[in-house]
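Starting off, we have a lone chain in the form predicted on its own, written out as structure tokens.
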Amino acid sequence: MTAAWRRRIGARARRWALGRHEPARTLTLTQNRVFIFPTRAGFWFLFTALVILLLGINYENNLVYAVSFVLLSLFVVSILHTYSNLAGLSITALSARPCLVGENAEFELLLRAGRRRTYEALQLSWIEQVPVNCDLIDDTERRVRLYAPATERGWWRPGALLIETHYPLGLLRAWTWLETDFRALAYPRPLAGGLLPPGVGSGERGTVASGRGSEDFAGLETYQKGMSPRHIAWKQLAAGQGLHAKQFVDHADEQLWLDWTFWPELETEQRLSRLCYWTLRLAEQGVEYGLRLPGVEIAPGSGGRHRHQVLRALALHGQASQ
């Protein structure tokens, strides 16, 4: 019950904090963005210092006074150091790597230290994700990669970025939430199964599909009983080279089309997932393939760029921002 209330209060505070600033690609942490509050250990530390102070007042003992003042001073100094461990830090959203739905999308950030500043024990994470720890002591810049699972296809946003620190004593927590305008492209989750309908090639290019066919002459072979008399090589027989038969082969198209009309029994998302599965499979086999969706046609091709183009079309199908 307590945890639920804490999450609810935290979510409301986060919405309030994020609503104060517009999303940005690059930003610098200033006094307006950094929050600071005692941790549980900090509250106990402060309570202990106040109890010691009350004992000093009650017994009028200078040594007890000194101990309580030292502890309180240490707490105040910790406030300044904890705040300084975030102030002046610049964060730049660099890039996001596409992924399949259900996989972790990779986001790369650049941290840049303020002038003559060092930063220790920083923690960065997306909401409810495992934090990444880093320091900026010897370097003025550092690239940090964060991961978050993509939950839906299309342009997917990981949410707010949390940056926090408990440096140096763990008595206080300084943190900030940032809306970085980061987004990653999430391809449909592959759905295995189905077969490509026959005759889906383009008819422009091809490879040998079988050793025996009827289209193109491929060579001679020794005539054997049961072969068609129409394939007998009469010229070679007349030249005294023996009885041979002409060998023909058929060609199959190497370029394939993935069409929206395949598998009409599937729902839209399942159909996109099935097309995604075949896209990955054909790309792995090195086959040239194209894609036909309602309003979209991508000519057959191969390679990583073509694969991304096809997967992007599948990811953004039916969405406004293509």
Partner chain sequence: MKAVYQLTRPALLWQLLMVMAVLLPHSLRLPWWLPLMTLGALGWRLWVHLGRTSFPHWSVKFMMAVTAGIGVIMSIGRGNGPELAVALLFAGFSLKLLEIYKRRDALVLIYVAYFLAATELLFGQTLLHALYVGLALLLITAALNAVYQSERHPDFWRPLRASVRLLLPALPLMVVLFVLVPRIGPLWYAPLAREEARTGLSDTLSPGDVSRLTGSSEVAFRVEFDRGRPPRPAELYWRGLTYDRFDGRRWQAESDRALLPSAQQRPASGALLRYRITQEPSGQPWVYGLDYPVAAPWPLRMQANQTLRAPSKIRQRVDFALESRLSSQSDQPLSTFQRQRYLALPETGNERARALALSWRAEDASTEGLVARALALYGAAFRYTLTPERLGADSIDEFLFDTRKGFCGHFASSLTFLLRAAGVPARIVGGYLGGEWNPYESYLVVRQFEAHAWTEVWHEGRGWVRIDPTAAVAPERIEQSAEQLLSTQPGFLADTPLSPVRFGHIGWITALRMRTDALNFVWHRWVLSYQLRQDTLLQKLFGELTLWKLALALLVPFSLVLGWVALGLLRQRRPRAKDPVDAALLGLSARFERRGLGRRPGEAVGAYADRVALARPDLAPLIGTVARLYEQLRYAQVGEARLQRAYQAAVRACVRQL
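Here, rigid core means the biggest group of C-alpha atoms that superpose within 1.5 Å across both forms. Residue numbers count along the first chain shown, from 1. Owing to the predicted nature of the structure, the values given are computational and were not obtained by experimental measurement.
The protein also exists as the form predicted in complex with the partner chain; that form is not presented, and the subsequent description refers to it.
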* Thinking of the partner chain in the predicted complex, which stretch from 231-239, 181-189, 132-140, 99-107 has heavy atoms inside 4.5 Å of it? -> 132-140
* Evaluate residue 37 for contact with the partner chain in the predicted complex, applying a 4.5 angstroms cut-off between non-hydrogen atoms, and reply yes or no. => no
* Closest heavy atom of residue 52 to the partner chain in the predicted complex, within 4.5 Å or not? -> yes
* is_contact(residue 284, the partner chain) in the predicted complex, heavy atom dist at most 4.5 Å -> no
* To do: With heavy atoms only and a cut-off of 4.5 Å, decide whether residue 266 touches the partner chain in the predicted complex.
  => no
* Given the partner chain in the predicted complex, answer whether the residues 69, 73 and 166 all have a heavy atom inside 4.5 Å of it. => yes
* Rigid core fitted, then: does residue 268 show a CA shift of 2 angstroms or greater between this form and the one not shown? -> no
